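Here you get one chain, nothing else, as structure tokens; it is the form predicted on its own.
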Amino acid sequence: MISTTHQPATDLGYLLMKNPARCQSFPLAHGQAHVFYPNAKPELCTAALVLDLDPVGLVRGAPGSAGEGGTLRQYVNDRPYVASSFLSVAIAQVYGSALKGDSKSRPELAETAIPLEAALPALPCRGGESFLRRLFAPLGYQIEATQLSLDPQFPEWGPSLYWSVKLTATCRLKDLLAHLYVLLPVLDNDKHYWVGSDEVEKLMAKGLGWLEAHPEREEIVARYLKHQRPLIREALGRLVEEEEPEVEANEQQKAQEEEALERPTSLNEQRLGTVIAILKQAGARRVLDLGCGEGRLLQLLLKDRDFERIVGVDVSHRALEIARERLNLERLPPKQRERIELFQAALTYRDSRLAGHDAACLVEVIEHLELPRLRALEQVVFEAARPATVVVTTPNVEFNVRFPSLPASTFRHRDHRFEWSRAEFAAWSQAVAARNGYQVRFLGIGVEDPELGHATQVGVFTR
């Protein structure tokens, strides 16, 4: 079941393209899928997708089946009752438009992150609760999981392999459906159909934008492709290829364009100097540079003995290689080398390595994310890592008219997904602070324009 409290909640029917006033049925290869709405009110709407599978039909004609004379075990199985690859196929067939993000009646809502809950009453978790959490927590979900007993009337039989699970997040519906489509058979560690090269294409399509940097990427790929090594190698190779080219081929050029634009005002040097001053004022000793890029801030932190532990994190392997060269990590004295660590991670996926630091810096990072992904970044930084101080810098779009070489209505960097006004940045920052128990104050970097403010705006979050 999928529920939302986004109001009017009945807009969920437009996103799923299924009328809340009707019960609809759809043919599947081995049964039927039924869609109905147990609750359809403006404040809460729930859509249920129920599979009615034929256990005998699952066996007849299947490879290796013994036909009518088959053993009882072939006909008595859990497939009609649990969330498995059958549900993934039903999601693709019944909710195909929603899975693609298509909505003729509510196109803007389809691209909007809204509060969603997915309830799975019987989910096979081969790997246990810890594996379940390792799959969904990095994607920003809150997880409620209760292990089911084999039979409530016979508690001595012990627990089963099945869990009742609720996943809640603020995200786009198409993202939730894509995550379920891929991860349900991964949890089950099985598929009911033959897996060939076309499954790699499905995985690439449904995993686009989140699988590339998922901490469990290798295990997800292996289980999804039923441990077929040639397919696993192909999929992992393509994921790495799709992750890196933009950084290798374009990122340096884009960064050089932004640097040339801002060079007359030395904004980058002022930004980094301001961040260092904020960190020293906060008394931070252990510092995270999130989205560290080629390591310019890391270089300054390493030179200052006040910073005892320095960690640089970036999604790009290539950028981290450049940072290593810039910092001469291989030639540092042992005590210096012990102070700094670089590792690859996406800032929209929870990672235990980010915990335990005094401060985190996001220097010209947030504007490179799609707006719906900011909520995931917030959860990673402010909810999970929770450093005492967080420093966020971002361009002030109002100031852009003061750059003579910047065409009107364009951003400073071609990879920016947005650039905010002072009011927009303040509204986002104050909401993040309120949700997570922080206070926030605002600074500016660069010469202040009496009408437009500073070129760079800074939010300093403290708790």
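For every residue, the number given is its place in the sequence shown, counted from 1. The structure displayed is predicted, hence computed values, not measured ones.
Omitted from view is the form predicted in complex with a small molecule, to which the following refers.
Asks: Though only this chain appears here, would Ile278 touch the small molecule in the model of the complex if you measure heavy atom gaps against 4.5 Å?
Replies: No, Ile278 stays farther than 4.5 Å from the small molecule in the model of the complex.
Asks: I'd like to know whether Leu120 contacts the small molecule in the model of the complex, with contact meaning heavy atoms within 4.5 angstroms.
Replies: Heavy-atom contact with the small molecule at 4.5 Å: absent for Leu120.
Asks: Using heavy atoms and a 4.5 Å limit, would one call Arg296 a contact residue for the small molecule in the model of the complex?
Replies: Heavy-atom contact with the small molecule at 4.5 Å: present for Arg296.
Asks: Would Ala346 count as touching the small molecule in the model of the complex under a 4.5 Å heavy atom rule?
Replies: Ala346: yes, in contact with the small molecule in the model of the complex.
Asks: Work out which of the listed stretches, 364 to 372, 165 to 173, 92 to 100, 178 to 186, brings a heavy atom within 4.5 angstroms of the small molecule in the model of the complex.
Replies: Looking at the other structure, the answer is 364 to 372.
Asks: If the cut-off is 4.5 angstroms on heavy atoms, which of these, Pro387, Gly291, Pro124, Pro138, is the one near the small molecule in the model of the complex?
Replies: So the residue touching the small molecule in the model of the complex, by this definition, is Gly291.
Asks: In the model of the complex, which of the listed residues (Leu109, Ile232, Leu300, Val315) lies with a heavy atom within 4.5 Å of the small molecule?
Replies: Residue within 4.5 Å of the partner: Val315.
Asks: Between Arg233 and Asp314, does the Cα distance in the model of the complex come out closer or farther than in this form, changing by 3 Å or more?
Replies: Relative to this form, closer in the model of the complex.
Asks: Compared with this form, is the Leu377-Tyr224 Cα separation smaller or larger in the model of the complex, the difference being 3 Å or more?
Replies: Between the C-alphas of Tyr224 and Leu377, the gap narrows in the model of the complex (3 Å or more compared with this form).
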